[in-house]
Structure formats: C-alpha cells, structure tokens
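In the block that follows, a single chain appears as structure tokens, in the form predicted on its own.
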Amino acid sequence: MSTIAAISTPNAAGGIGIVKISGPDAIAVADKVFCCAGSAKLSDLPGYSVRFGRVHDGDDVLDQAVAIVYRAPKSYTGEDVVELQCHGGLFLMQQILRLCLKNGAVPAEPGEFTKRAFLNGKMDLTEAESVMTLISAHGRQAADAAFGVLQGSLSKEINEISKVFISAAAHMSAWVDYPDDEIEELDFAKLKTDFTAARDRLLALIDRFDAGQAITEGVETVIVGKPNVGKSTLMNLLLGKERSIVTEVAGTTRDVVEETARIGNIVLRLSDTAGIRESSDLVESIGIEFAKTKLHHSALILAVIDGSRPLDDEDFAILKACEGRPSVCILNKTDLGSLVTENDVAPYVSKVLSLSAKDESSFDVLREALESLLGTAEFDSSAALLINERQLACCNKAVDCINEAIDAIDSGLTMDAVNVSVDAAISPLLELTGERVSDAVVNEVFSRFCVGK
C-alpha cells in the first residue's frame, strides 16, 4: 500500500492549512520534512502526540508548524497518519505538499483517505458516503441528518433488516440441504409476517428519501411563467436580495439566472428563467428555449401566473407542463386584484398560493407551502436516512425481491423457491452497507469526494 498525501483544507488562504499524510511510511516521510523543536523525532512518538517545529527542505525552512501523529489502527484511515498544520497560504501549502511527494509520498486520489478508512474497516459504506454530505451541509438539519448516518443510524437499520433475511435463508438452506436431520421447518405464516415488517421498514426509508434530499442536497427548482408576471421579483424574495433585474419591460430576463436559497429547512437551487412566449428576438428566443429545458428537467416547478389578468393559452401551456410533477402555482400580483381563482389552476399543480411577491410577508407563506409539499415540515434528522441515489436503488431492489418472496409464500411454492428470492433480497442490502460490493461501485462512490478527504 502506498503512502498518500494531500492538502486537506480548502483551496483558499486561511489562518491554518493542513497537509495530511497516510500510509505505512507516513511518519518516515514526515520526519524528512519536519523537525521537532528539541531532539525528538516523530518516529519516536506514540500515537496522539503533538509537536511544534519547522517544515524544512534541507537547510531551507519553509514554515513553523505543528505535527500530529496518529498510529495505526487508531486513526481516521486505520493507517499511520501525520497531519502537518501550517500557516494557510496557498503557495506555502502547495510547497509543503510537493516536499512530501518529493520525499516518498504519492498524491491522494479524490476521497482516498475515506476510501482507506472504509477498506480498513473504520466505517461502512453508508457512513463513508455521509462524510461528503456532512461537509456540504447548508443548514443545521442537513448537518444533523448527515452526522446521524455517520454515527451509524442507517447502518443499524439496514443491518437489523438484513438479519431477518439472513436468518431465514440460513434456516431454509439447512432444512433443504440436510433433510435427514431434525431441523424444525419454518412457519411460512410467521415468515411472511417478518418479511412484511422488514419490507415496511425499507419503504419508510424510501418514503423519507425526497424530504431528506431536499434538506441535505437541495432541490433543483425552476421559476417559470410568461414575461412580466413577477418571476424575478419572486426570485429576489426567496433570496432576500436583488439578484434578478426587475423592470416593467417584458422580456427583461433573457438568460437563466441561478442561485441557491435556504427556505426554512429546504435548500432550493433556483433558476429564474426567461419569460415563455413566442418571440422574434434571437437572444430572447435562446433564453426561452433554456427556460423550457429547465421546466422539463427540474425537480420542483414554481409556476408564476399574473393573477390580475385572465388566463391565456401561454399560461395553460405552462400549467399543463406541471401536471403530475411537484409544483406550486403562484397567483402573483394580488395587490392589483384577482381575475384568476385558485380553483382555475388547482387541477394542474400540487399546490396553489395567492400572494404578492413584492410583499416580504409572502416569504413565510411560500416557505410553509414548500415544507408541506416536500415533506420537510416534520422531518426527523435523528432518524435513519438514505442520502443518495445508490442507496435508494439498493432499497428499491431489495423491496422488489421481498415482494417476490412474499408472493412465493402466498402461491404455496416450495421453500427452495422462496429462498431464491430471499437470497436476492440480501444482496442489495449488503451492497448498500458495503459488505458485499464490487470494486467498481466503491471506486464510483469515492470518485465524487474532494481531494484531501
């Protein structure tokens, strides 16, 4: 196993920067570039030791620093680890990293420190995946939810569900393979009850996924409508600042304006789009095509209608694009009177709100509606949570196999047939936690990490 090194602090100037070294020669590499104040060497120190000293390249001193030594297996990666904590200048950190590489370390790949922690049994795959979710958390609930997974909330839930099927599979295999032994035959009625209860626990995890994504990852949200209906005013209301240009001239917004806003517990990745209409203006037409693309690919639609004017064909075209998708229709400009009722648009969208985007009090009305629609109003950040599509796919696959096992029991099929479906259910559950997972999946998981973590 090679010894790796990377800068583990952000790529920006700061008070402190950290170069992390991990692997069998981590301490030897650090001894070549770090000189302790006094006569001690890092290789003479026990784990969890800290020393002040200097980083040097031969006779040239680069910086004063603090070195922290962790001995295997009691470290983040399960290997010998040294952290060099220096002054956080970008050029300085790059020079110290190059010095480590010159003295025997190799550059760490994205996520390689956490990947080694997983491979060395310091955490399972769900806990490893939660690390990046915790790093990128935009709010308290997102951080709490990610930390819960890091602490093992999801692992515990999946392991308890897995045990139901592993125990059943072991019992069925023994009964089939050793018919002459006095092995008690399983009670299919109890088996069905246990399988149903386990499936319901998985379905509860699946049902919480979208709300969890809204809190931890954010929701791709598009603001659409005809020109001059108040889309940019709504964007500015959600952001709490003027980001989109607001004028009385139709067609002011010609491109997609993108920002991130935290609305209560939810992170919205907002796109304010050009007003959708027929236009002969080449630049505006390009913006309208971008708007239509965003409309069809976003996870949440905020459709803005000028409630002070009658609905027309362009309004209905936008409303029809919302059918069957998470969407809120905002009947805007209530301060100018209302010619459109909520009943007029309700068949097309998930929720309808009548408000004036110019009124700051409308923010709370919109927040409550979004939290209700996305299921985040009563979100329990301490409960087990699926944090990415890989985990969701594993749970869906397991549920399908459990349903097949239950159908096999209901159809009176043999224990062999039931056991095939049970084995098939176990596989995605073990893949979810990383107990039975391919190298390709592991590499894909950690390729999404930042370098240095």
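Start at 1 and count along the sequence shown; that's the residue number. Everything quoted here is computed from the prediction, not taken from an experiment.
This next part talks about the form predicted together with ligand GDP, which is not shown.
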> Out of 374, 357, 131, 86, which one falls within 4.5 Å of ligand GDP in the model of the complex, going by heavy atoms?
Replying inline: 357
> Just one of 323, 368, 335, 200 has a heavy atom within 4.5 Å of ligand GDP in the model of the complex. Which one?
Replying inline: 335
>> Heavy atoms within 4.5 Å of ligand GDP in the model of the complex: which stretch in 374-382, 221-229, 70-78, 149-157 meets that?
In response: 221-229
> So in the model of the complex, does any heavy atom of residue 233 sit within 4.5 Å of ligand GDP?
Replying inline: yes
> Taking ligand GDP in the model of the complex, which residues along 142-169 bring a heavy atom to within 4.5 Å of it?
Replying inline: none
